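Two forms of the same protein chain are encoded below as structure tokens; each is given separately, as structure 1 and structure 2.
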Structure 1
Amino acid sequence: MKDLSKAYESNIEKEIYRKWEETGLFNPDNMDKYLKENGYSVKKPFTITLPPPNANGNLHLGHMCGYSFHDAIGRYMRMTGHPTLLLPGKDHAGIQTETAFTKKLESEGTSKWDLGREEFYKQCYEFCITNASNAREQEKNIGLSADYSREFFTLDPRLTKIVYETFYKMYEDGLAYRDKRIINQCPYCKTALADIDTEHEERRGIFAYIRYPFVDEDGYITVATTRPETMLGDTAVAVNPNDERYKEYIGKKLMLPIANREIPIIADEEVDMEKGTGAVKVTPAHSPVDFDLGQKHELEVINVIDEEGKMTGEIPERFIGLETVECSKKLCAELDELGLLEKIENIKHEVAVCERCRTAIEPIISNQWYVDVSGLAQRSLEELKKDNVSVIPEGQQRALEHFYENIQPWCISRQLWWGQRIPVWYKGGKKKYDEDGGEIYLGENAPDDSGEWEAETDMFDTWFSSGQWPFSTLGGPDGEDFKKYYPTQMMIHARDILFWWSSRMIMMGLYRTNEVPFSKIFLTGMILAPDGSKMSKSKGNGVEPQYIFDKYGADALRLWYYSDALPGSNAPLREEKIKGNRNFVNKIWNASRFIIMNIDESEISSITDHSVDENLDRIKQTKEHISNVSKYLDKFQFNLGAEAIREFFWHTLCDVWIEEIKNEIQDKDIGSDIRIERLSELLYILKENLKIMHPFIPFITEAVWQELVKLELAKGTLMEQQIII
């Protein structure tokens, strides 16, 4: 009776999404009302704050994957009676966006310096807003049932206010402080980085053996170093006190070549006798290990490298301004001439690099803002141990515990133009404050307009604000939404940001709200390129989500994620697999089409009035199936759920039941009572299947539901139907 196209056309997805939006039910307040009005039992609200994608580019398949899981859980929760809030947002992503936007400017022939700080900020803001709205459309493409009336950008003044409150409180509690210590400086991004913002990479390097002559006697000690240029900042040579080779020299003085400074020979157990020559040069200003050693032995700290990775300070004139690599070469040449260069070995070694631009990190001494997170890490650890928050898969939980156990002070200031300015004012200037101390004021605006106050120009580490995401988006600890929807239930993201993000959210959540912000962290698998390597722009092996949407539709992509992107595993993109899921989606369409086509218009009222006998075998099996899938969803076993719905719909309903019933109802001699009975049964089974499949594949199931609505065989939208288990 009804003419439906032979194949499901996924281009109707946009229209379906619009239909959902019109119901207003992505807003949990409305959902709550809806449930009450329809006599459904209203269960506890269910909240997930969605990871805000960086507003500096398009979303990739990894984002889509995460949102597929968010959405499946969200829809399932709604359909089981929970007013559900999926709270979306977009992240300003400090350093990442600044790098991306700076590159964009460069490609347009201009630069951030040309624009100036204020104009840069303004244009970057616009850049982000444009990206954010693109991202929002992409989120809708995957079917994300988020409440966009509550969407936030991380630089929203309402959020900034809460972020600032946290900072003020931390300052008052003595947790936030300014300190001078060795930091990771990225010479390209020209900012300090936290340890976690660095990665380690194997690079080619040299290992130079340099002779440091004794001051008071003939002879020398040979030290080995990968960074000869730092010798200009050496303030000691350290040996192991048990090292027979050097024992007698401890306390004596060496003449540092080129710099011509006297430095002592000190003893420390830390020194490895096996490494190099067993004697190690100590440069407190430019090596984290040496910095600690320097503090321990109260050594002088001599800065010889500046923020841009160039030679500086009290060193021979000819080296000033050189890049470290050039300086190293020049020094080696000079040492060789002096007969002080024993040899140079070419080696490969692990080097710390900037997570963003892969530039080798320059450890330098600098004044920065820190947060002492030791206490909060301890609390977080306890919550993990008490199981108030847990990580799926479990293996990663131990990694998180390890992170908390070994946590260091968190450097939260970044020398960027993009982000949230640290709300601090220094009386008489920042430089003066760092050198001699003095008065400091915390607030967005200067305490008075005397002109004595210099504004801090550093920005917060972006994770300082995103670490507060679960409560800042709910209006902070005093917000209306906070009371209703906090703590949230889950956090879902890829495992690469576990330490950056979830670890901080737990700590800051505990700090501001005394509660863990969520009780479960679900780590999705990583989507890899077809060849199993990481997808990256530079390699050009990425696959655009839009390509998949256009070719196979969102549902096919989603179903593939549920099956393959399991927690803790990697999922190489296999187009054949997505295609297989597209075929399944089409199968649903056609089975539904078959049922619809076989219902005569005159039979509709009889069918809808007909009650289905619960004792029928097929009905019993259907109910059992639904309960199984629910159990999988309750345990977040998406792969098993996806497999179950595919298996049941395709190989039981289509291949067996429809075939059985087909023969019966297409028999001209069958009585109309039997026809009605069979068709009612089929329709019931179809509808129940659509419901349980809806969290996984919302578009096709809704598309079919709407066809049923047109025939008055169903009402409303599928997303507001209840799964009764």
Structure 2
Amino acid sequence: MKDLSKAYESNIEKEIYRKWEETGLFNPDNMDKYLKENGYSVKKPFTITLPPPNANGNLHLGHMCGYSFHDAIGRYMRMTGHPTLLLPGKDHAGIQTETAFTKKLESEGTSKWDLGREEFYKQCYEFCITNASNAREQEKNIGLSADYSREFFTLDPRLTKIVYETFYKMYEDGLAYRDKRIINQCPYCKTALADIDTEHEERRGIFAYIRYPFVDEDGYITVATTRPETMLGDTAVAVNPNDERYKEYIGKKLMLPIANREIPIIADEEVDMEKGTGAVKVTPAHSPVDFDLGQKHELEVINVIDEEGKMTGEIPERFIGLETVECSKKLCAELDELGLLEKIENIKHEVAVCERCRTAIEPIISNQWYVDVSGLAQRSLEELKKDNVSVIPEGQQRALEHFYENIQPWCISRQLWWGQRIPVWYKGGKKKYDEDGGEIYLGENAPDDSGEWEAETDMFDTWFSSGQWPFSTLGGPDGEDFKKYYPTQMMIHARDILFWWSSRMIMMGLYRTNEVPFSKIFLTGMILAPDGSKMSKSKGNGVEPQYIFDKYGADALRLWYYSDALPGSNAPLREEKIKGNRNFVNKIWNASRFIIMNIDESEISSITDHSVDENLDRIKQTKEHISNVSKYLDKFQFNLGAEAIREFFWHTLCDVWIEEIKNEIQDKDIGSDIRIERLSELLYILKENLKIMHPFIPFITEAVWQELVKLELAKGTLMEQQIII
């Protein structure tokens, strides 16, 4: 018998992946044909439309975590008779990509303004396609058995067509509309942001105590604010109706300092009597909380900060054009001169900042495109409560329900150059439409050549297109793949995008297809740096996946994910555990090597012809083990499955059974009945273990299987085999 290397070499993993690709079985159509031709029972197709990573850089360990879970369940479903589609893609990622590409241009000494819109879009597209190609190779490194013949980029014209159809339908149904509401504005990126595009940082600031004088009597009410500059847009002061200090003043008028406008004192139980002075200034245009308060009490909305974070509007001329911090200082100086500044406290407080450029967010009133999702949310909530969609872990199910119960109109427009342009035209211009109303046309091209039509330049929020991912990638409601593979069965992604992505996919899926797009949502946690902090390029604490692949191999990393990255829980990277998993991978190789090396070439045909007695205790225990691991996978309990395969292979097969059988055959003649029986039994146990371990650790198991194929002790690839439960 030819000797095998003494340790598993992970550098053969690319070769193994190529062998899988050559089978064509990542394509579910081919898998269906293969199962039928080989007499296997063909079950219902299993589909996951994979979360598309942003096509603006390399993948990180968090992406690899998700793909490990996708691949484990995908391989298991294939090996239990389901034509399986893991449909991959790459996300154009709106503001994230525009920011990344803009920085690249700046490093090259140019800017998007130098290029112009058309050339910027063209070069950004090429930038993304290059990154998408790199990301694809990284996905293959972790063993992702996706059908790349169906891969999509979110700006693919086929997807854009479906996204536009959804928008047209929403407009016709009265769900998509243009409105003036409060948004998160990044003054540097000059666009509206979703909450997920913002982060919070502790920064130095002030707490200014300002006196607002009564209009018809002496005295004043003192309010405390961290943003004095927004007082120019105040339209009320609110107090709690149960606050004895202010009860008698409710309904009276105050004179807004500097602006010299009269504003009312209103009562609202949401006002915290213990915070500040118990009296709060209400600026509906520049605080989400104040906006809701303003809507509730029908207050005027006065915008005094523009899209670039500068003072604007009907305010004293001397403040026009000032940066907000500069305006705050100037206002405080004037208030102090007027005797209306009681005191200033220096504080540290949480400030919302743009995730990309770290600029402080300005809540402002802006004309944007919105979708009224209240009805869609209610319908989605009903599906959740009927258990037609369930979330793992269970605690996140209630969180999603709460999100639907408190949903707000969805701002779907972004002031970017990169993305899918909102297909709208305004007769006489957008400004005229916003101010006076007017004619509007929906379509990619203007309705005529009159020159009277102005194109909408805003792009769709990335989540608007990705919210349609499960059906758009399958060709939409009329697509052939849609008929075969929709609804999909499962969605696996990180916990932090549950509200931004899964919630939208459920709403949009119900809206366009009248079916939930998937019945299970499995949430992975965030992979953290070894010290427990968030991995970040700026912090320099990120770990490149390739480093792990080169040092330990993909299987060792995958096993760590299954064991440590429990549903919804964050997991600090533990390299020592990955190293321990590599030891298990080598144990599999060495145990398999021992079995193979103990089979004499003259015994191969006898062993392959020998039927194993299924009543043997070891065989029965092996089948029970396979059944148990299958149950864990059916319940998506990957950690228990990973623990079970390790425990059984190492401590039952290796520590006990191999030792027992070794002693039984040690002194027996080659080709003897006892050797053939025991080696056949051992080979059967090895092969069945390789099958049930394959979804978790595909590379080492396939490597061993191919050694068996060379000796004609097995056929094909391991991924073609069926797990018999």
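Basically, rigid core = biggest C-alpha set you can superpose within 1.5 Å across the two forms. Sequence positions of structure 1, starting at 1, serve as the residue numbers. All values derive from a computational prediction rather than experimental measurement.
The chain as displayed in structure 2 is taken from the form predicted alone. For the conformational change between structures 1 and 2, the C-alpha atoms of I347 and P545 are best fitted by the superpositions of different rigid parts.
Domain rotation between structures 1 and 2, with the chain taken as two rigid parts and C-alpha atoms superposed, amounts to 12 degrees for the smaller part. For V301, the Cα shift between structures 1 and 2 is 3.8 Å when the rigid core is held fixed in the overlay.
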